[in-house]
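Heads up, the chain below is alone and in the form predicted alone; it's given as structure tokens.
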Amino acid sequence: MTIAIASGKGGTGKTTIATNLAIVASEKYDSVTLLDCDVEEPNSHIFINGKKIKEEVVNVRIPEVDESLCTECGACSNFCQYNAIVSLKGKPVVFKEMCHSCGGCTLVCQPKAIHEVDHRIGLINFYKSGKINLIEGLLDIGSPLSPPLIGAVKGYESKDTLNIIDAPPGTSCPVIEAIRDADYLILVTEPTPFGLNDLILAVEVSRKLNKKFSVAINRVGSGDDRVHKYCKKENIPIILEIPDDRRIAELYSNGKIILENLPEYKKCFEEVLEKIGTVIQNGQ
């Protein structure tokens, strides 16, 4: 089973919920895999505080032109929809940061002047903390395309136990890559106008992908009831509400887990797992 924690905007509390859910799940499951797919700014390792086991370099394939074979026909440039390889006058020029690694330019090059080489985009870091296996993607500075790295991180999902995905914020390509194979989504929001606006976008994406989902509202009491009214109107279940508790904010700012310091919140996270398990089991 794979649960993805997502949101339409950053700073709503995805990592807070993902890490605390992993902690409580580790008491129920033999093993839990937490995948930090917020690869531009991963921070689950701060809270899980595990031992780093290893790291793995992630590469994508990009074109390289053999100028001795190139006939300057321009077929590669005409094919590429991302302008990653351009032939204006003379030999093609490759813009590696724009390449989506589709391999099309290689296929259309009749003189076989193009071959592919590895291009590094980031790292995968592996941590172990008790029953929790944390797998974290870290995009290299200057690398603009995160979906291939997110896909590489998701390649380590376990088929035999619970997976929890800490997704990137927003509703664009990185988010789609992170959540598209999940069995269930938790959409995290806050009771503010911005929170509602971005929640609506996240709900639209979830419905487009035909996903089972519910909403978690963080910092309840800091805003108004517009998110509650929206969820009621749209018949969206609210699976978790976390109050605007200063103690939680202080723990977060010090890289500490809620459940280990405020045990009164443990039951609500246990109920989240139970509710999701029931929904998936019953196919609701």
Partner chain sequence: MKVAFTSQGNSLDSQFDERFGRAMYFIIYDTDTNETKVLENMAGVESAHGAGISAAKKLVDAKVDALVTGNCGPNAFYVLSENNIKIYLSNAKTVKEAIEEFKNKKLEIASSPTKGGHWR
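From a predicted model like this one, the values you see are computed outputs, not experimental measurements. Just so we're on the same page, rigid core means the largest C-alpha set that superposes within 1.5 Å between forms. Residue numbers count along the first chain shown, from 1.
One more form of this protein should be noted, the form predicted together with its partner chain, which is absent from this view; the next part is about it.
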Taking 77, 82 and 142 as the candidate spot, are all three within 4.5 angstroms of its partner chain in the predicted bound form by heavy atoms? yes
With a cut-off of 4.5 Å between heavy atoms, is residue 88 one of the residues that contacts its partner chain in the predicted bound form? yes
Any non-hydrogen atom of residue 212 within 4.5 angstroms of its partner chain in the predicted bound form: no
Considering non-hydrogen atoms and a 4.5 Å limit, does its partner chain approach residue 151 in the predicted bound form? no
Within a 4.5 Å heavy atom cut-off, is residue 160 in contact with its partner chain in the predicted bound form? no
Is the C-alpha displacement of residue 78 equal to or greater than 2 Å between this form and the one not shown once the rigid core has been superposed? yes
